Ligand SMILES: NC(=O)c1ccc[n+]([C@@H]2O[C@H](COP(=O)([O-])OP(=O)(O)OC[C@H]3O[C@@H](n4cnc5c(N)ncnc54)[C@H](OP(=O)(O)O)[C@@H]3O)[C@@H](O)[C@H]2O)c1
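Take a look at this single chain, the form predicted alone, given in structure tokens.
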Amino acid sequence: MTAMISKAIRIDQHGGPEELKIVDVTVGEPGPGEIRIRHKAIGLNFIDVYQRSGLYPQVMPVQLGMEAAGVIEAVGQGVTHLKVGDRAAYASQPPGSYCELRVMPAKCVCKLPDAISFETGAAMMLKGLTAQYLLRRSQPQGGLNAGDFVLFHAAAGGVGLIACQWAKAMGLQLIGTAGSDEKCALAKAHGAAFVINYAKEDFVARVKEITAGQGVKVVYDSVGKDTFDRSLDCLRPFGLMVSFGNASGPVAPFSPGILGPKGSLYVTRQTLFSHITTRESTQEMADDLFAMVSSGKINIRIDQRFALADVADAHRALEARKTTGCTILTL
């Protein structure tokens, strides 16, 4: 079959949003274990910024993007869970979703239920699967039970708004932080039991007040440098600090010795891609996410839409923390 041409976004060197260039790429047939998918919508995530800037170094040139939804056009040898014509969505390595058409590994591509739109599928896969592994798989000693307090930073972001709803469905008392009253109100409307505007309030003192001095069982932190140290002071003894992002910059090195006096704390650095190394684990997590969305327990909020060609503007908005909920690129 004749190779096809696809518009794609590529960078040739690490740097700012100005490095994002639209180019024509050639797309061929899928090999064993691969599929070819034509995108209908593409998700935007902070990991895209890390890969563009060089915080997560990439081999150049690189086509960015980690999630999308579309229609399967061709299936390689050995792929049995997808067929031509299936609606599908994914969050997957390697990067490359910022395009019209691509060939990629099939193991992390999941059939998208008919009840979920392409835009919702594109917006929710990386962020929804992240919320799933955080609340279902990254739990403190004794697990999480109805009534337990958890602290979630950046609660009005894409992952945060999904986590607020998921935590409410689990009966948890999620304390969400955000940088403005408007963002706090958004988190509250999506299920946060309590909200803290960290621009106005000392979130450590407020957490202690909310929990009657006990602290929370677990902190989920994608902000990084600006929140990590003080988040440790929000934990109850044997509490768990889950770091899963660096929106404000990477966490500085610290001595494990500080964890003992603070209550024999646990610290973990998580990434989605450790959880979706097999098709079976990916499908299990996706099924949980699809069920929560299809049931109406979780609503995927898409607050920003940018054309693929305007991806640099999307990155600028994301880095300036001017976005709420999910952001997608349209074709």
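Being a predicted model, the structure only gives us computed values, none of them experimental. The first residue of the shown sequence is 1; numbering continues from there.
Beyond the structure shown, there is the form predicted in complex with this ligand, which is absent from this document and is the topic of what follows.
J.: Look at the stretches 136-144, 204-212, 157-165, 106-114 and give the one with heavy atoms within 4.5 Å of this ligand in the predicted complex.
T.: Contact-bearing stretch, as computed: 157-165.
J.: If you check in the predicted complex, is Gly179 within 4.5 Å of this ligand, heavy atoms only?
T.: Although this ligand is absent here, Gly179 would touch it in the predicted complex, with heavy atoms inside 4.5 Å.
J.: Report yes if any heavy atom of Gly239 sits within 4.5 Å of a heavy atom of this ligand in the predicted complex; otherwise report no.
T.: Output for Gly239 is no: heavy atoms all beyond 4.5 Å of this ligand.
J.: So, in the predicted complex, is Ser97 in contact with this ligand at a 4.5 angstroms heavy atom limit?
T.: Answer no; every heavy atom of Ser97 is more than 4.5 Å from this ligand in the predicted complex.
J.: Do Leu272 and this ligand come within 4.5 Å of each other in the predicted complex, heavy atoms counted?
T.: Because a heavy atom of Leu272 falls inside 4.5 Å of this ligand in the predicted complex, the answer is yes.
J.: Considering non-hydrogen atoms and a 4.5 Å limit, which listed residue (Val223, Cys234, Val150, Ala88) is close to this ligand in the predicted complex?
T.: By the 4.5 Å heavy-atom cutoff, the listed residue in contact is Val223.
J.: Within 4.5 Å, heavy atoms only, which of Ala187, Val219, Leu126, Leu174 is in contact with this ligand in the predicted complex?
T.: Among Ala187, Val219, Leu126, Leu174, a heavy atom within 4.5 Å of this ligand in the predicted complex occurs only for Leu126.
J.: So which bits of 186-213 sit within 4.5 Å of this ligand in the predicted complex, heavy atoms only?
T.: The stretch 186-213, when checked against this ligand in the predicted complex, contributes only Tyr198 at the 4.5 Å heavy-atom cut-off.
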